[in-house]
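Before any questions on how it binds or moves, here is one chain, the form predicted on its own, in structure tokens.
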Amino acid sequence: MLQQDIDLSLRGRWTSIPSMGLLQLLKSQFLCHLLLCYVFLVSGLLVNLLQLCTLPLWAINRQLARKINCRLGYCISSQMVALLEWWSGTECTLYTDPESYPLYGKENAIVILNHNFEIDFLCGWTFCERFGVLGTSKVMAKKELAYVPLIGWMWYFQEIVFCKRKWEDDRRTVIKSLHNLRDYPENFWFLMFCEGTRFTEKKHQISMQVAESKGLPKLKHHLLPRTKGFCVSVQSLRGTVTAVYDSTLNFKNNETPTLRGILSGKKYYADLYVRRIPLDSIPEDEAECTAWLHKLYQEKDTFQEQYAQTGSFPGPVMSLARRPWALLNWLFWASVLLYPLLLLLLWLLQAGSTLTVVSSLTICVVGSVAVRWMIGQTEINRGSSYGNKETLLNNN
């Protein structure tokens, strides 16, 4: 009788749990995170190895090597997009001009993103993915990232612009890297965080002190933009890039999304406002270009304030449907890598010694910790110190 009561109680609990609630519970489990990390790490290292094999091809057929590396890089970056779009189910709403919409993905562009959230780079990648330029997207990243496995090594072969964040040393390197993109064989987007570092209250306070000392209008939702990198990018890519996409990101319900939340399957609602600005309308003179960028950030601040007051950006909402390729790419790697892992685990449990089993589990845990460490580097409280008064004065 007691056993029957227990069975009925357990059955009632399970039937009372909605299917979506059960799925969410599954996504939050450590074992699922471990498997996601395993697929990402192993597939990423295999892709890095394949990219390394393309080195001889660069001397023979540079354009073919570039096209191959675009596809190989997509195999890594699209897994992150799949995590956002398909695993967490995060919804992305695009506010933009209907006349500009057909041009997205059909031209080279500089994309200016605000830097307020831990996953803003991932939302930028999602924007690229939905218009078919994720594999060719470029960024300006700090030099240290070139030595980080998976993403950093992938970026090296994708001709990402690396810099030391010391403009006296960076100027020549940045110009050379940008000039190399002039004959790029496919449409690309060059993503820029002109603020240089992620928004925090401390950095904002310092930034506004610099704004006051320079007689610039104060911003409420942004840091002062670093103008030198932007001006050089516009000058170097003029004739190659046809437009600047001013992009402002925010999240509904005042949420502050995290990569850990995405990994646990938490769903967010992102709103992205994009304005297309023809590059020809941006002044060529450096001083005028600097003033133009400061004015742009004053406008971006107005858009963010409007969002805070109304919960939406100006302009119509355009359909931005998910593409299946990121999910299919992840399913491919999961199929290739999880099956042999399952066979290995079964063999270890049946025939392996205790030491072998413990060693294998340790390797899995170390891999998980490594990915969690990389995730931790995106957290706002781990942001760089590139926001002090000296660097702001030197880069504006």
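The numbering used is simple: start at 1 and walk along the sequence shown. Because the structure is predicted, anything quoted here is derived from the model rather than measured.
A second form of this protein, the form predicted together with a small molecule, is not displayed here; the remarks below concern that form.
Exactly one listed residue, out of L178, A326, C128, A270, brings a non-hydrogen atom to within 4.5 Å of the small molecule in the predicted complex: C128.
Scanning Q304, N108, S137, N114 against the small molecule in the predicted complex with a 4.5 Å heavy atom cut-off leaves one residue, S137.
Taking the partner from elsewhere, no residue among W153, L219 and A243 has a non-hydrogen atom within 4.5 angstroms of the small molecule in the predicted complex.
At a distance threshold of 4.5 angstroms between non-hydrogen atoms, I206 is in contact with the small molecule in the predicted complex.
The small molecule in the predicted complex comes within 4.5 Å of no heavy atom belonging to I282. Proximity of S247 to the small molecule in the predicted complex: non-hydrogen atoms within 4.5 Å are present. Contact check for R165: a non-hydrogen atom falls within 4.5 Å of the small molecule in the predicted complex.
Residues of just one listed stretch (223 to 231, 250 to 258, 178 to 186, 308 to 316) have heavy atoms within 4.5 Å of the small molecule in the predicted complex: 223 to 231.
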